[in-house]
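A lone chain, given as structure tokens: the form predicted on its own.
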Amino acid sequence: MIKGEDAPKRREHGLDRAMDLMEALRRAREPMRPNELATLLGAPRSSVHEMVGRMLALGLLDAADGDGRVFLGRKLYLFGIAYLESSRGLRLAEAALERITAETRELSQFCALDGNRYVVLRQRESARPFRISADTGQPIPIPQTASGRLLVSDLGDDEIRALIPPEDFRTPAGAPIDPDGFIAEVRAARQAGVFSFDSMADTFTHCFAVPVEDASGRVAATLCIVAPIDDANANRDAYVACLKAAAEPLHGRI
């Protein structure tokens, strides 16, 4: 039995370790062995094996094969369903995405920060025969995204530099992104209430993003459109107006 002041500390340590394990698997997007997780996390193998066993018993992890690999468990899926059903903000975001894609026929996304990375939380696929899509929940370096300029816009310059790892100031192809230029774009995007650019991930799409503010007026999330470059150029004003109109009911409710 854990007694005295050590009990909360040990419970907190165990919870932190469990979260680290799940985060590592989420980022890896593939099953891993406990020894691989221990190496990745720089943690003792014995404690990782013990934690994996407990999480398997609780359904937080599932056995992926007969070689000892594990992955995120079905219990987490059930937690996610409960969250989706109870989250007013996500319900409002879903309605906004449906509106955007219905009006523009383009891919729409609801995005936010996850620590020091950008993630797509929800999206509605384009109604076009040729569809553009993206991975929901996949962490992406902030400077590679249009939304990133808005999502960090309430931070000071030094806070932005402290948040974003230096190695993230690169395009997917490895070309450097100037931190000073990025911060200048952050300030301009916040003032304009929109940011758009040709996607860094491919050569044929253009991304638009507008902020969604929380009750304090800080940027909590973004609504985005990802469109073929030619259509984006031809419909820029209409797409920006659609995004801003769809974001209006979400302000202060996320």
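When you see a residue number, it is the position in the sequence shown, counting from 1. Predicted model, so just to flag it, every value in this text is computed and none were measured.
This next part talks about the form predicted in complex with another copy of the chain, which is not shown.
Asks: Okay, which stretch from 204 to 212, 189 to 197, 23 to 31, 224 to 232 lines another copy of the chain in the predicted bound form, with non-hydrogen atoms inside 4.5 Å?
Replies: Residues of 23 to 31 come within 4.5 Å of the partner.
Asks: Just to be sure I understand the contacts: of I164, L97, L113, I183, which is the one whose heavy atoms reach within 4.5 angstroms of another copy of the chain in the predicted bound form?
Replies: That would be L113.
Asks: Indicate whether A18 is a 4.5 Å heavy atom neighbour of another copy of the chain in the predicted bound form.
Replies: Yes - in the predicted bound form, heavy atoms of A18 and another copy of the chain come within 4.5 Å of each other.
Asks: Should E36 be classed as touching another copy of the chain in the predicted bound form when contacts are defined as heavy atoms within 4.5 Å?
Replies: Flag for E36 set to no.
Asks: Is there any non-hydrogen atom of R122 lying within 4.5 Å of another copy of the chain in the predicted bound form?
Replies: Yes, R122 sits close enough to another copy of the chain in the predicted bound form that at least one of its heavy atoms falls within 4.5 Å.
Asks: Applying a 4.5 Å heavy atom distance criterion, does H13 contact another copy of the chain in the predicted bound form?
Replies: Yes - in the predicted bound form, heavy atoms of H13 and another copy of the chain come within 4.5 Å of each other.
Asks: Where, within 69 to 95, is there a heavy atom within 4.5 Å of another copy of the chain in the predicted bound form? Residue list please.
Replies: If the 4.5 Å heavy-atom criterion is applied to another copy of the chain in the predicted bound form, 69 to 95 yields F71, L72, G73, R74, K75, L76, Y77, L78, F79, G80, I81, A82, Y83, L84, E85, S86, L90.
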